[in-house]
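Next up: just one chain, as structure tokens, the form predicted on its own.
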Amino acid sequence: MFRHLTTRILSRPTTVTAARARPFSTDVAAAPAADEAFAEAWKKVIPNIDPPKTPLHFMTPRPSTPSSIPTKLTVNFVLPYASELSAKEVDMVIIPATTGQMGVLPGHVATIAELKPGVMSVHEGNDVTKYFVSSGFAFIHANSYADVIAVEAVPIDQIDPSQVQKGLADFTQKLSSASTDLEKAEAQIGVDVHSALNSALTG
């Protein structure tokens, strides 16, 4: 029985290798292909009505991966209610990933990073713009495009230090007096966010 199990385990790399043979998103053609199979199936059922448009019709072609590393990084920085940066060409961005501060330059390897509360800085020449982000994700593409999606974000210079100190004290008090797991979790999140805000202002 153990021998059969070992054989199964050792045979798995073949399956994994086959799965990895699938192209990455950056290897797919830049122009979206038309959903011909759906259109043909639609015409067989309802030939007198044009098929509805699928999401592919509304997608703009993705820029192809350049043969050489560009001099600029193109950044899209969006929130649920606003777009802070749209196709902005910059020299570098530094994002607060859960694994630590991550600098992204043109030609960065394709990566997905989860964001934690902290400072995201956008470097453009000698100008540096800093935002405090609460959480989110950063999608770094091989074609020197970066999409940063945050739940909340605000420029550092718009943060009131006195409110940060007050919030940190309030949530610290709530954490010490919390009696349920839910209260402890909510208070801990408040402490973490306000601590990160305080570090962003003092650092």
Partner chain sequence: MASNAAVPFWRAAGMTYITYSNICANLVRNCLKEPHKSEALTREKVHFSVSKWADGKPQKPTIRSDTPEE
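Positions refer to the first chain, counted from 1. Bear in mind that the values here come from a model prediction, so they are computed numbers and not experimental data.
Another form, the form predicted in complex with its partner chain, is not on view; read the next lines as being about it.
- In the predicted bound form, at least one heavy atom of Val164 sits within 4.5 Å of its partner chain.
- At a distance threshold of 4.5 angstroms between non-hydrogen atoms, Asp160 is in contact with its partner chain in the predicted bound form.
- At a distance threshold of 4.5 angstroms between non-hydrogen atoms, Asp127 is out of contact with its partner chain in the predicted bound form.
- Among heavy atoms of Val151, some come within 4.5 Å of its partner chain in the predicted bound form.
- Looking at 99-107, 70-78, 86-94, 112-120, the stretch with residues near its partner chain in the predicted bound form, meaning non-hydrogen atoms within 4.5 angstroms, turns out to be 112-120.
- Contact annotation for 121-155: residues with any non-hydrogen atom within 4.5 angstroms of its partner chain in the predicted bound form are Phe132, Ser134, Ser135, Gly136, Phe137, Val151, Glu152, Val154, listed in sequence order.
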